[in-house]
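This document starts with one chain, in the form predicted on its own, laid out as structure tokens.
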């Protein structure tokens, strides 16, 4: 995991090396200043030697300026390295997510991925900056100060050593208790983000059902969960300061008392005592800093594991070593296909599928909710891989193709239509980034979208809000169909994508397809038999199996399920899931 994350330092290796170098230089200069101060007091002030005071004082000013410069440069390079590291992490995660198959995405919630790319990466960024600066500065500063203290007077320095050991033990237990709470906090952030995301995306439903109070209470519970965990952690961390202050003041009293005796006995000089007190504060404050480093590292390790899970996740779908880049035709064949979302044949959603579809055919797919219609067509563009058997497009197994080339020739209008913020033209050009405005207009005419677009004040330059909230469901469906047509695919899949348009418009879209794109294989998933009855052939799905496959007339004569649904729909029910006799 550490190796995976460290690989994202990339072009910021120089800054990552320079930061600790400057921090060590800052420590060296800071450590020498109390020693020089003692020399001023003992050899300058008490001896009345003004020349010595000027020389050493000037040297102290130089040391202070050099320390200041080193600190500034360390902060500059540390900030650049940590922010660059965070940027690379987010970029790497986003690029990795783009390679995920649907089955990979099923392992992570949307809210969880957002939290990992925001909160978790920010924690890692802060920890990395602290690692470069404080993890080098604090231990080295403490060691240097301790060495100087022993150099001045070993007897008094022993007081520091005892205090440091006692304080280290106390802080270890405090931080250890706090760490487990920090590790519990980040999954709670996922719950919080999920609550916000769900509420905002479904705000119309929330308001329609007057569920604002319920959603507010749900958010409060998620927020309270984070509060409770961090409160428990902070209750342990907050004890650091009083324990530290008790130790610091106890050391000052002990050193002052023992040091005063040694001065009276002419064993210790006044300047040396002043230096020892300065080193006392230096040592104990650095120990405090080390304790905070442990807190930050414990928080960041939990975040690092979560980020590492995304970066180490490998897509279930990969290109073959020598992929085929050309899809010769829109022929489709299923050979003994079984499919399970979890790779477990005992939980298969498709069973023993055998199909042959010729280029240019229009195939209707109909079946009740949960009959695996969408699962069937998802295998054609290789959004999932079969559990057993094979799916062939253009006479080749889809696993032999370069995935990008295959998906460019298989245009899918999904069950859930999605538009992105931008103009209508910008949304249409998702299908073909180089499409001219005339090509976009033609695609919209085929999808019967031109009639409403031309009535808009800005026409094709009308801005679409995020998610397409400023267009109706039927308009959104027609724009998505037009976008798919711009790809000029060999296979077009419409996954219940005309459910929000009226029957007359649905018929016009189907007629336009038959007239304008006769060489494209068209698969139309629908709940209404009227949407597919004029197809060349119709597939009837039932419990993940093909119950019937033929023309409208053949199915009426030979398929009981199709006949019952047709009679129920023409009789007024219109619901595929409601079998005859149950209406």
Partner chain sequence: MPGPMGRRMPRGKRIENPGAVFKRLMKYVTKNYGVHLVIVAVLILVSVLANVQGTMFIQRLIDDYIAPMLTSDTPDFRPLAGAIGRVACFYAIGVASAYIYNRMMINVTQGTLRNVRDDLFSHMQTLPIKYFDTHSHGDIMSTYTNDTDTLRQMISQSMPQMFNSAITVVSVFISMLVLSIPLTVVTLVMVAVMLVVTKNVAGLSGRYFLQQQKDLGKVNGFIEEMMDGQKVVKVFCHEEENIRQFRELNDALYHSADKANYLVNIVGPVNAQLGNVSYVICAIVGGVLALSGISGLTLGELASFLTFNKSFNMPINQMSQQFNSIVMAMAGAERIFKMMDEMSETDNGYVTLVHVKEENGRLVENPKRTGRWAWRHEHQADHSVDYVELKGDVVFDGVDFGYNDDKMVLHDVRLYAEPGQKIAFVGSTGAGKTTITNLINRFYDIQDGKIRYDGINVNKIKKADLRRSLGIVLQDTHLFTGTVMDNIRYGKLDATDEEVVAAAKLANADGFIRLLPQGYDTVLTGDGANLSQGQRQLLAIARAAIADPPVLILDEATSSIDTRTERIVQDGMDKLMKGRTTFVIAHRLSTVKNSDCIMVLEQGRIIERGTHEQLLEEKGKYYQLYTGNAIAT
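Numbering follows the first chain given and starts at 1. This is a predicted model, so every value here is computed, not measured. Rigid core (definition): largest C-alpha set, two forms, superposition within 1.5 Å.
Below, we refer to the form predicted in complex with its partner chain, which is not included among the displayed structures.
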{"property": "Region of this chain that lies against its partner chain in the model of the complex, out of 483-491, 324-332, 169-177, 144-152 [heavy atom, 4.5 Å]", "result": "483-491"}
{"property": "Within 4.5 Å of its partner chain in the model of the complex, all of 100, 242 and 474 (non-hydrogen atom)", "result": "yes"}
{"property": "Touches its partner chain in the model of the complex: residue 356 (any heavy atom, 4.5 Å)", "result": "no"}
{"property": "Heavy atom of residue 234 within 4.5 Å of its partner chain in the model of the complex", "result": "yes"}
{"property": "Contact flag, residue 552 vs its partner chain in the model of the complex, heavy atom cut 4.5 Å", "result": "no"}
{"property": "Residue 336: touches its partner chain in the model of the complex, heavy atom cutoff 4.5 angstroms", "result": "no"}
{"property": "Proximity to its partner chain in the model of the complex, single hit among 302, 114, 425, 392 (heavy atom within 4.5 Å)", "result": "114"}
{"property": "One residue of 351, 188, 407, 445 in contact with its partner chain, assessed in the model of the complex (non-hydrogen atom, 4.5 angstroms)", "result": "407"}
{"property": "Sequence-ordered list of residues in 128-159 near its partner chain in the model of the complex, where near means a heavy atom within 4.5 Å", "result": "129, 133"}
{"property": "Core-superposed comparison between this form and the one not shown, residue 226 Cα displacement 2 Å or beyond", "result": "yes"}
{"property": "Large Cα move at residue 312 between this form and the one not shown, threshold 2 Å, rigid core", "result": "no"}
{"property": "C-alpha of residue 32 moved at least 2 Å between this form and the one not shown on rigid core", "result": "yes"}
